[in-house]
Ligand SMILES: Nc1ncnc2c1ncn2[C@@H]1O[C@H](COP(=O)(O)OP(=O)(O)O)[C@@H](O)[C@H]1O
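Listed next as structure tokens is one chain, alone, in the form predicted on its own.
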């Protein structure tokens, strides 16, 4: 299968005064189409820095990053933003929904920046995305009228509405209780079973155990890269 993510000898350094912080140190790995991968590690391990680079929100100091075969490390900001909108669907811990707009309008938002989707198709695509996460009956509700779990499901619908090559989830269950965590992970597993490539950045071992592969970072390096032949099912 083709690689959706390919990282080669990637490093990221930060200078704070006279101190150089090495957040990532020559990290290399690839993620193929259709994988469900957790990137985990303790605080300070480098996973947040790696997330920023994988999401095209930051650039490596050294090394190369290819997204769907496209080298992005030296790409111009405008082209990078366009590529990010086309290739990546983001899910955030804090949902990041617009509070004054409905679920349907929140999900429709990424399509406004995609010239390939005609205006007449946007709402229908958003409706279908909300149906996939079981929120057809809440599409006209605003975030304040929904629970935290429902808001995260709206965020998942927004991430998948553009049919991206990669769904990148940043601590997607960090603000949820155990039941809503189960529901969100069930949806992400279902999306993966349907063919989506999903990468979850998490510090929660039980979330990582539900993924087919776990990449563990420590002190900016890959400590382990383990394939799980029998990930935990959230339906159990």
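Positions refer to the first chain, counted from 1. Fair warning: this is a prediction, and the values are worked out from it, not measured in the lab.
Keep in mind that the form predicted together with this ligand is not shown, yet the notes after this line are about it.
S.K.: Only one of these stretches, 64-72, 190-198, 177-185, 35-43, has heavy atoms within 4.5 Å of this ligand in the predicted bound form; which one is it?
M.R.: Single hit among the candidates: 35-43.
S.K.: Looking at 222, 10, 23, 214 here, can you tell me which has any non-hydrogen atom within 4.5 angstroms of this ligand in the predicted bound form?
M.R.: Filtering the options by heavy-atom distance leaves 23.
S.K.: Mark residue 48 yes when one of its heavy atoms lies within 4.5 Å of a heavy atom of this ligand in the predicted bound form, and no otherwise.
M.R.: Because a heavy atom of residue 48 falls inside 4.5 Å of this ligand in the predicted bound form, the answer is yes.
S.K.: Using a 4.5 Å cut-off on heavy atoms, what residues in 200-226 are near this ligand in the predicted bound form?
M.R.: Contacts from 200-226: none.
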